[in-house]
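The chain below stands alone and is given as structure tokens, in the form predicted on its own.
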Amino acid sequence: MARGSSGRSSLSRHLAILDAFDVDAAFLTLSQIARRSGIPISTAHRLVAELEEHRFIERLDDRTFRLGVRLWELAARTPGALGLREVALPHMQQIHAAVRQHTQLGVLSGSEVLFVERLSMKDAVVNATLVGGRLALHASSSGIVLLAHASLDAQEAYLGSELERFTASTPQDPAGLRLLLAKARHDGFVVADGYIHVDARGIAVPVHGPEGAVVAAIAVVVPNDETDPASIIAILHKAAERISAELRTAYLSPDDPGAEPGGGFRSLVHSSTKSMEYLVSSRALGRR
């Protein structure tokens, strides 16, 4: 791949432009993009034009830019996080109806937990989660669940890094965190009291994928009080078991006796039986 004078590949520079955007920097001028990406403005101008041509970036009337829907369109074709979200969402809605606080779905992304879906209420307790946002693994119930089921090398690498403290309750001691991770694996859940905000309690359980590995954490954020979390943990476990079962079914071979209609669409879409049958037939007829 061609490399610029800085030694960075063309792909890495395009990705740096896209990475300049964030949940708190959704609209950027060309100068801001250049500054945040560390790319000279003349080069940034050319790269932004190329990304705009392919609809990865959109130019607005006020001369700012935002990420384009083309990125979402491509992401929606993967059976990864968005396919997981499709399967999990109906069960998250049931959790949310019962708990009436915050319900969220997170996946491991590097050294952070990335949230791919969340449901909330206007009068719910404070919560720092955003869809597409990230939190430190050690500071969130979802992150601790995911780190507990990561490889030992990944755990040690994380525990050897600088661990940010958000409140006096945020776990930072590596030895204490190892015990916390072991407890999470043994118990099958995590209760994180005031790790990010003193008023909030995170409760999370693991979601297993088709091969049995943990692929996500489903969690709620509720008031940090003296309430026994057992009933919420039971609700989360029930939902996680159902999501895991549906993920196993979604990835069955179409020839498997237990496979449901939908073929390759089953890992992307959670819809009615008639809809799944139509998607397969329309694809066969060349309509998609």
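All of these numbers come straight from a predicted model, not from anything done at the bench. The first residue of the shown sequence is 1; numbering continues from there.
The discussion below concerns the form predicted in complex with P-hydroxybenzoic acid, not included here.
Note on the interface: of 199-207, 179-187, 91-99, 149-157, the segment with non-hydrogen atoms within 4.5 angstroms of P-hydroxybenzoic acid in the predicted bound form is 199-207. P-hydroxybenzoic acid is not drawn, but in the predicted bound form it has a heavy atom within 4.5 Å of residue 135.
In the predicted bound form, P-hydroxybenzoic acid sits beyond 4.5 Å of every heavy atom of residue 105. Taking non-hydrogen atoms only, residue 128 approaches P-hydroxybenzoic acid to within 4.5 angstroms in the predicted bound form.
Contact check for residue 192: a heavy atom falls within 4.5 Å of P-hydroxybenzoic acid in the predicted bound form. Along 43-65, a non-hydrogen atom within 4.5 Å of P-hydroxybenzoic acid in the predicted bound form is carried by no residue at all.
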